[in-house]
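Let's start with one chain on its own, the form predicted alone, as structure tokens.
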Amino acid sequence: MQEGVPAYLAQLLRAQYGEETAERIAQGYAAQRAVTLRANTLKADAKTVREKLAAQGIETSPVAWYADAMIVHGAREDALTGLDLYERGEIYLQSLSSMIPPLLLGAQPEENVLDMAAAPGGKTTQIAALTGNRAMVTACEMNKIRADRLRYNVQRQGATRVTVMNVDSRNLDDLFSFDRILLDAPCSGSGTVQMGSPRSRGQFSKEFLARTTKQQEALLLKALRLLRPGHEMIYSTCSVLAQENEEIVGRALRKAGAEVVPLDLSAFETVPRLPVSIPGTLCVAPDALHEGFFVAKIRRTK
């Protein structure tokens, strides 16, 4: 396996996927990941964004499965964050993989939507854009500093129907109910590793994983209590580990009246995938364009 993969993570990957697929994941960690963004359609359409970037000498290419997303060529994040269109909230720098959960959530105008772990706001503001600012979105973040950053991004992106709550969503009153819920759960970050990058995220130890999976299960069970019967939610993580993905979903389904809804992945043929143990879920393989990411759609049945 590639040098630089944390030892405990390498052990888990080999145990889950076998040597060949674990090596493929490690190669994804070693790749320099492209800068990607989406046009914030609350303020600017994708065509206008592409033209403005081209005028600054920044070339982009489209993403087959999302007309508002684009891949940046020949420029890194700092070249984009200094632009006026960034400051005006016309673009949002976001990984391609993290754009997938809001798309699959399918929120509709006038629905009540909960984003349970919302900071820094990429998925929250994407939901607002996808619904044309017509869904009522509640965005929770338990850390005050991160909640302040979330408020800033929501305001800059023009997401006018988002209510930010500085609260641990596990503590929301069960009297709340929502039409759709996005739970992008805190995780180990095993899908986001970039070897050699000082910005690479991820914590890997048996103790940390035990704490994280306990939190994930509690969040998912809470989500299913807050979700209206017959309605659907998305559970996602930026992890490729079954302990944080299929195992969490499986335990929650056994404890709650819920079922997995198979994802329609017909639009995502170009997205690299890893094998999953629950049919109808998605695990994105890390590579030069994508972070590792898991997505499952769940319906409350009673």
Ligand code: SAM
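From a predicted model like this one, the values you see are computed outputs, not experimental measurements. One rule holds for the numbers: they count along the sequence shown, beginning at 1.
The form predicted in complex with the named molecule is left out here; the points below concern that form.
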Practice task
Name the single residue among Thr138, Ser169, Ser97, Thr212 that comes within 4.5 Å of the named molecule in the model of the complex, judging by heavy atoms.
Solution key: Ser169
Practice task
Quick one: from Leu227, Leu104, Leu219, Val154, grab the residue that has a heavy atom within 4.5 Å of the named molecule in the model of the complex.
Solution key: Leu219
Handout entry: Partner contact for Glu90 in the model of the complex: the named molecule, 4.5 angstroms, heavy atom
Key = no
Exercise for the section: Using the partner position in the model of the complex, report whether Pro120 sits within 4.5 Å of the named molecule, counting heavy atoms only. Expected result: yes
Practice task
Answer with yes or no whether Gly158 is in contact with the named molecule in the model of the complex, where contact means some heavy atom within 4.5 Å.
Solution key: no
Handout entry: Contact label in the model of the complex: Met116 to the named molecule, heavy atom within 4.5 Å
Key = yes
Practice task
Look at the candidate spot formed by Asn143, Arg146 and Pro186 and say whether the named molecule comes within 4.5 Å of a heavy atom in all three of them in the model of the complex.
Solution key: yes
Practice task
Considering the named molecule in the model of the complex, find the one stretch among 160 to 168, 82 to 90, 130 to 138, 204 to 212 with heavy atoms no farther than 4.5 Å from it.
Solution key: 160 to 168
